[in-house]
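One chain comes next, on its own, written as structure tokens: the form predicted on its own.
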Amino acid sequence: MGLLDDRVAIVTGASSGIGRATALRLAGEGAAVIAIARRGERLKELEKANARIEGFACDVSDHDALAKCVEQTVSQHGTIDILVNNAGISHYERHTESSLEHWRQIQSVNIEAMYVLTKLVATHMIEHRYGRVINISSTQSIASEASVGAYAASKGAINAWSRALAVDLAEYGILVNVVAPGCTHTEMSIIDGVDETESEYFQKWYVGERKIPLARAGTAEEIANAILFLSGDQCTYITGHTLVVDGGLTVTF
């Protein structure tokens, strides 16, 4: 018996990193998982890794494609129980060198797509009076740094919007929570060809000086474990919460 037997989940940004690990984790616990991502070949690999995973190739900024995905999912499975809004992008640039085009692109993928897909899915969750929505934010929404202003803004918006959404949907038995990962080893940790979690600076400051008390970067699988907890029936009295999964990074000076 799995924790998510007979549940139906949608996971965005599922072709790599946290999204991929989450799709595999939820499917491993018995859920039928619809994995959304742009890279079709990666989705085919996911489908081979677990037969409960079905790939749906699209860009989350394509709202018509999202509507089609939800329609197909409900037609095939009858409902949607779990939504993991994970897809995200970033551009690394100082404010005076940044562009409005990049700002809008980041907001479109990181928060607007979340709004659109959640609205589509919530209609079906309301009908069944059950749902789990998990939005993936970042510790950049809590304590930020230079060069990620647009990204930090989008992640802060996720936290605030999710709190309001949790209140909005509570009467229908729908729980809405946020997982905010810290330094996690994924494709997004590679900046200008360098994996920031393996850089000399990271190893000296975050590991050697224990800016991260656990003295290491997290893994996608560790973030997926937190998402799994918030996705199942073992989570019944938590909503509107931002769960920080960062090895202690944001509690240090």
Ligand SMILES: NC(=O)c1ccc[n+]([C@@H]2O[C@H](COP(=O)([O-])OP(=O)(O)OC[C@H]3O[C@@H](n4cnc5c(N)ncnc54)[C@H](OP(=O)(O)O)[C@@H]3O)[C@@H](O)[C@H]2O)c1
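Residue numbers here begin at 1 and follow the sequence given. Treat the numbers as computed from the prediction; the structure is a model and nothing was measured.
Below, we refer to the form predicted in complex with the ligand, which is not included among the displayed structures.
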Item to check | residue 142: touches the ligand in the predicted bound form, heavy atom cutoff 4.5 angstroms | outcome: no
Item to check | the ligand contact at residue 87 in the predicted bound form, heavy atom, 4.5 Å | outcome: yes
Checklist entry - Taking heavy atoms and a 4.5 Å cut-off, does residue 221 contact the ligand in the predicted bound form? => result no
Checklist entry - Would residue 132 count as a contact of the ligand in the predicted bound form, using a 4.5 angstroms cut-off between non-hydrogen atoms? => result no
Item to check | Contact residue in the predicted bound form, from 68, 39, 204, 216 (heavy atom within 4.5 Å of the ligand) | outcome: 39
Item to check | Position in contact with the ligand when the complex is considered in the predicted bound form, options 47, 209, 59, 198, heavy atoms within 4.5 Å | outcome: 59
Item to check | Heavy atom contact within 4.5 Å of the ligand in the predicted bound form, the stretch among 165-173, 149-157, 74-82, 121-129 | outcome: 149-157
Next on the checklist: Only counting heavy atoms and a 4.5 Å limit, does any residue of 118-142 reach the ligand in the predicted bound form, and if so which ones?
Outcome noted: 136, 137, 138
